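First, one chain by itself in structure tokens, the form predicted alone.
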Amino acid sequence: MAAKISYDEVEVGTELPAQTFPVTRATLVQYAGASGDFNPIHWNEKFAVEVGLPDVIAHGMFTMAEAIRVVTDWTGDPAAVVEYGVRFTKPVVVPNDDKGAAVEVSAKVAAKLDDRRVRVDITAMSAGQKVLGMSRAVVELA
């Protein structure tokens, strides 16, 4: 695969299509099985509250993975992402109801770099709070 977005057609400030990703308790159990991370704060409400959390929270790496999907969907090639990093600022709290939570992700091109690469700044929000800080990806474009 190769990125479907051309470096020459992208400007600083270009906004990527925003997306909202639902997160339910079932999603967390599936992620726990795939990742091997069965920490009870991600599935046991009683335990999560006992350790000082407001409720069960999503895995940080799951949240990080959902956020980068805005970039990989835009480029059309996950391998176009050559660097990615975040700071975990707030947890995604996932209630035990039929709605769960949502992670709302937006992104924009913040800088054009050498070698047909751009830096994309990503904003991830849940329940009105920024859940990832300093979320940035370097992407190699066509």
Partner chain sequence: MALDQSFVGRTYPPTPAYEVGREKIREFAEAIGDANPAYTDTEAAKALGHPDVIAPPTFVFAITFKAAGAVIEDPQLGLDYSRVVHGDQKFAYTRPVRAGDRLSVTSTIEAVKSLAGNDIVDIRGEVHDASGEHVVTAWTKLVSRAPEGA
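Just so we're clear, the structure is a prediction, and the values are computed from it rather than from any experiment. Residue numbers count along the first chain shown, from 1.
Below, we refer to the form predicted together with the partner chain, which is not included among the displayed structures.
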Requested in this report: Check whether residue 44 has any heavy atom within 4.5 Å of a heavy atom of the partner chain in the predicted complex, and answer yes or no.
Outcome: no
Report task. State yes or no: in the predicted complex, is some non-hydrogen atom of residue 106 no more than 4.5 angstroms from a non-hydrogen atom of the partner chain? Result -> no
Query - in the predicted complex, residue 49 touching the partner chain (heavy atom, 4.5 Å) - result: no
Query - Non-hydrogen atom contact residue 96 with the partner chain in the predicted complex at 4.5 angstroms - result: no
Query raised in the report: Hey, which residues along 87 to 116 are within 4.5 angstroms of the partner chain in the predicted complex, non-hydrogen atoms only?
Result: 87, 88
